[in-house]
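Next up: a single chain in structure tokens, the form predicted alone.
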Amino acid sequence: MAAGIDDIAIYIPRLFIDAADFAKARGLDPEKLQKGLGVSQMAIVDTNQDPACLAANACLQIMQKNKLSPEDIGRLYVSTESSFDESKAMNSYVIGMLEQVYGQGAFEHCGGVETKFACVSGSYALYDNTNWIRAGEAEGKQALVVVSDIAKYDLGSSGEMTQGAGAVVMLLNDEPRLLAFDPKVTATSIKDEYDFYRPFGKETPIVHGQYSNLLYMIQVRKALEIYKKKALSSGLMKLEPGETILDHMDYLNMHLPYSNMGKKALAYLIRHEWRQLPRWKKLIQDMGMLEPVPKDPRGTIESVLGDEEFMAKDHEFTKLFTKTKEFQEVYESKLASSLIASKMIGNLYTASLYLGFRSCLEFEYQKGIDLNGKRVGFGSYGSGSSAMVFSGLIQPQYEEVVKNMNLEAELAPRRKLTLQEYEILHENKLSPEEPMLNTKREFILVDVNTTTESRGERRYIFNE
């Protein structure tokens, strides 16, 4: 049975901070920030918004667009690393909000959980619900998988340059118009790591940036190796001499903590895949530089990062490699379109991979490319750490959905924050009753109870 993504919708907060303004205020070079990280704007939540209402707004949007009733939905999963309760699942908050529109009890038949594994959890939720449909358990109903997060870092920290907020929701069924997932090839890699984590009671994460970036690439590469074995043994793909598995993917969507990380990850994977091929020898000759090797090739990530000579040479080699015609052809044709939205919105944690997929569809379609039958590969990563690699085929009916995508129009109503306003919001100096914007026809947070017997209870309304 086919199963996959029938439609996709996004909800992005209406406030943002301009990266150039931010860079100047922090004594950074704006051009270096934009070129180095690929960040131009970062979405910021208002005082009356949290990950649950971002998710609910995205769900309402996709349901209204597709004229769905609660009876059409059998499962509703929310994946997030911005959870605000250690027991009560975020999907229950979302259902409570949706029932303000659809009627009390309208979703009481709807199963689901909140999933957590940093940024990869949305991919696990997709996999679970896809298999629920394939197994025939859905019995004609559809699933909503929502990825919703607020990427927030300490003021003055290096991570502060990679913030963002938003939610992406995907409608899954057995007759998907957008993408049907390839069966029996999904691959995972998992390891106990402390590259990025957020202890109980802490609002912002503890980040080991360089370590996490390298671990991300290593874990995705390991998952790609497993994916390759499954794809070849299942007969999904057949490699001719001189080919790699990446040659059989028309598009690649990577996890995007910032847009240029996608480019770094692509370069890392291509180097790994091309290294044993004839094309690599010619490329090395044209570049005029041998690929550097760390002093301890089988050492730990710490030993590699501590090898300063290797790190400097590897940085130089990567810069040369990414400027080659061969890399640029792959980058422009398979990845570049997926990075556009990230530059305008910022880091969405669990949602960043799927914002990239949404971006890829819209901007490749705008080029006039026929997307039917194109294979999309996904490289998903979550700190702590796990990676997933999977793929799917774009379906013949994709144009019904993609032709109406317009990211620029969806972002048009946004308001730019001053640095002072941003810092006031960041430090939680205003209550939900003091929003920067007065939005209509959206779910908003109106109160968080502080009394001893009901501490933490959240109240939402649909703001007519």
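All residue numbers are counted from 1 along the displayed sequence. No experiment lies behind these values; they were computed from the predicted model shown.
FYI, the form predicted in complex with acetoacetyl-coenzyme A isn't displayed, but the following is about it.
Engineer: Of the residues 92, 333, 100, 210, which one places a heavy atom within 4.5 Å of acetoacetyl-coenzyme A in the predicted complex?
Structural biologist: In short, 210.
Engineer: Ok, 142, 162, 385, 337: which has a heavy atom sitting within 4.5 Å of acetoacetyl-coenzyme A in the predicted complex?
Structural biologist: Checking each option against acetoacetyl-coenzyme A in the predicted complex, the one that comes within 4.5 Å is 162.
Engineer: For the three residues 132, 248 and 392, verify that every one has a non-hydrogen atom within 4.5 Å of acetoacetyl-coenzyme A in the predicted complex; reply yes or no.
Structural biologist: Not one of the three qualifies.
Engineer: I'd like to check something about residue 379: if you look in the predicted complex, is any of its heavy atoms closer than or equal to 4.5 Å to a heavy atom of acetoacetyl-coenzyme A?
Structural biologist: It does not: once acetoacetyl-coenzyme A is placed as it appears in the predicted complex, residue 379 has no heavy atom within 4.5 Å of it.
Engineer: Quick one: is residue 167 in contact with acetoacetyl-coenzyme A in the predicted complex, heavy atoms, 4.5 Å cut-off?
Structural biologist: So residue 167 does not count as contacting acetoacetyl-coenzyme A.
Engineer: Under a 4.5 Å heavy atom criterion, is residue 285 part of the interface with acetoacetyl-coenzyme A in the predicted complex?
Structural biologist: Judged by the heavy-atom cut-off of 4.5 Å, residue 285 is well away from acetoacetyl-coenzyme A in the predicted complex.
Engineer: Find out whether any non-hydrogen atom of residue 36 is located within 4.5 angstroms of acetoacetyl-coenzyme A in the predicted complex, and reply yes or no.
Structural biologist: The answer is yes: residue 36 has a heavy atom within 4.5 Å of acetoacetyl-coenzyme A.
Engineer: Considering acetoacetyl-coenzyme A in the predicted complex, find the one stretch among 151-159, 124-132, 67-75, 226-234 with heavy atoms no farther than 4.5 Å from it.
Structural biologist: Looking at the partner contacts, the answer comes out as 151-159.
Engineer: Let me know which residues along 112-133 have a heavy atom within 4.5 Å of acetoacetyl-coenzyme A in the predicted complex, or say none if there are none.
Structural biologist: Residue within 4.5 Å: 119, and no other.
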